[in-house]
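One chain is shown next in structure tokens, namely the form predicted alone.
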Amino acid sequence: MNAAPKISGVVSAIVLPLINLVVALLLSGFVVWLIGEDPVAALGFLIEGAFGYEEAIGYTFYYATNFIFTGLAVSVAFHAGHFNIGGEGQAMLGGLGLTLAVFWLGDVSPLLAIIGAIVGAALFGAGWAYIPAVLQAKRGSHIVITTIMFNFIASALLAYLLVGPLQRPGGQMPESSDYPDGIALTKADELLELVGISFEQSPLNVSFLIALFAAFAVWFLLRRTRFGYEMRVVGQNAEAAKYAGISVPKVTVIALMLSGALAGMMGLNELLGEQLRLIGNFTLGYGFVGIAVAFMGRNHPFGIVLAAILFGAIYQGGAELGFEMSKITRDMSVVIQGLVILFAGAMPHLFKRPIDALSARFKTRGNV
């Protein structure tokens, strides 16, 4: 008896996530209806608030930039067989490295300071992932536990620095001094103006292009390099990797440091692109949402970019939705996010079996 044919890669990568998204939106609509609002109108406001005008599009892609970095960070570690939940802490330390580079090189050259900030964000993020990586590779300490604990340590360290050595002179808030004038990533509207395209002002900046380049670099690493192949082998079967002569500890450490570097670069968007100073808790949970983004994107860089844009749209559209409907608060967008995470992240294969059966039926008919 032949086994039932499996669904194709395209169906698994595109159709299943779309079905999960539709179910999540339908349930969100049901919640909206329960509180006395029109779910169809709410969906319209959500889409309008995310893509209906230029400023909204800018904000949507601004939020998506953070999710691309954190989603890629989770994905790189996952391909090596590890679950990095330390994106929050690694992003915090990346922001610290970015800030120190800006203050150190700011008086030398704005361009050099920006380049140094990018390198500093990646190095500090990778460095913060190094200790959990070594503990995992050499001592067998579970990466989930260590990265969670390092999130708390990073938060405490950043809080100490921002009310002490790095606090703005005479300030009362946990934030650093402003970055020197001229040290900032170019905004999207300014960049488009250079080629004669008018676009409304928004926080969207060049870090979005850096994030896209990072996504391409991750794809190239995983699919076109020897080390990427070794990562995938280790992630699928560490014992087989050892038998093939691959150093599992080495791959583990490097993969987790790459993961930390990507998470650390999230600060480029928030700090060097918008805030122009180091502030406490600038990560705002983006590191945790990156887990759902990676899983919804099936850990493929292209899928992660699409999932990041979706979550960026929910963030921006949910904020606008609260202005248009009095009974819907900002928390409603959190409910929508939660349902999307539940169906697309926690239960990505909920509808896989019926689609498998449907695929088998169609193939059987085709062979008759």
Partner chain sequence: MEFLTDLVLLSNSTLRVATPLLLAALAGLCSERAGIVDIGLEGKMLAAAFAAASAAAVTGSPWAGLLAGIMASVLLALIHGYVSINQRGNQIVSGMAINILVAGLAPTLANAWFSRGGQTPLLGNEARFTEITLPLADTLSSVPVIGDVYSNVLSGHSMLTYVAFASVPVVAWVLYKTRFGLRLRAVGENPEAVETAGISVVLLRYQAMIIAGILCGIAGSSLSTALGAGFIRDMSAGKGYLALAAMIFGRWKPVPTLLACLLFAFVDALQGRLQGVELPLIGEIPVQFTIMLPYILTVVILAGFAGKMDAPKASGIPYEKNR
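Numbering follows the first chain given and starts at 1. The term rigid core refers to the maximal set of C-alpha atoms that superpose within 1.5 Å between the two forms. Keep in mind that what you see is a predicted model, and the values were worked out from it rather than measured.
Keep in mind that the form predicted in complex with the partner chain is missing from the display, and what follows is about it.
Q: Can you work out whether R224 and the partner chain are in contact in the model of the complex, taking contact to mean some heavy atom pair no more than 4.5 Å apart?
A: R224: no contact with the partner chain in the model of the complex.
Q: Please tell me whether any heavy atom belonging to I57 falls inside 4.5 Å of a heavy atom of the partner chain, as the geometry stands in the model of the complex.
A: Close contact is absent here: in the model of the complex, I57 is far from the partner chain, nothing within 4.5 Å, heavy atoms only.
Q: Are any of the heavy atoms in G140 no more than 4.5 Å from a heavy atom of the partner chain in the model of the complex?
A: Judged by the heavy-atom cut-off of 4.5 Å, G140 is in contact with the partner chain in the model of the complex.
Q: May I ask you to check whether I85 falls inside a 4.5 Å heavy atom distance of the partner chain in the model of the complex?
A: I85: contacts the partner chain in the model of the complex.
Q: Thinking of the partner chain in the model of the complex, which stretch from 322-330, 300-308, 65-73, 46-54 has heavy atoms inside 4.5 Å of it?
A: Comparing against the partner chain in the model of the complex, the contact stretch is 322-330.
Q: Does the trio I197, F199 and L209 actually contact the partner chain in the model of the complex, every residue with a heavy atom within 4.5 Å?
A: Answer is no for this spot.
Q: Work out which of V15, I355, L21, L350 lies within 4.5 Å of the partner chain in the model of the complex, going by heavy atoms.
A: When the partner chain is considered in the model of the complex, the option within 4.5 Å is L350.
Q: Exactly one residue in I115, V163, L191, L276 has a non-hydrogen atom within 4.5 Å of the partner chain in the model of the complex; which is it?
A: When the partner chain is considered in the model of the complex, the option within 4.5 Å is V163.
Q: With the partner left out here, which residues of 131-165 have a non-hydrogen atom within 4.5 Å of the partner chain in the model of the complex?
A: In sequence order, L135, Q136, R139, G140, S141, H142, V144, I145, T146, I148, M149, F150, F152, I153, A156, L157, A159, Y160, V163 come within 4.5 Å of the partner.
Q: Core-aligned, is the CA shift for I57 between this form and the one not shown 2 angstroms or more?
A: The answer is no; the displacement is under 2 Å.
Q: Given a core-based superposition, decide whether the C-alpha of N299 shifts by 2 Å or more between this form and the one not shown.
A: The answer is no, as the C-alpha of N299 shifts between this form and the one not shown by less than 2 Å after core alignment.
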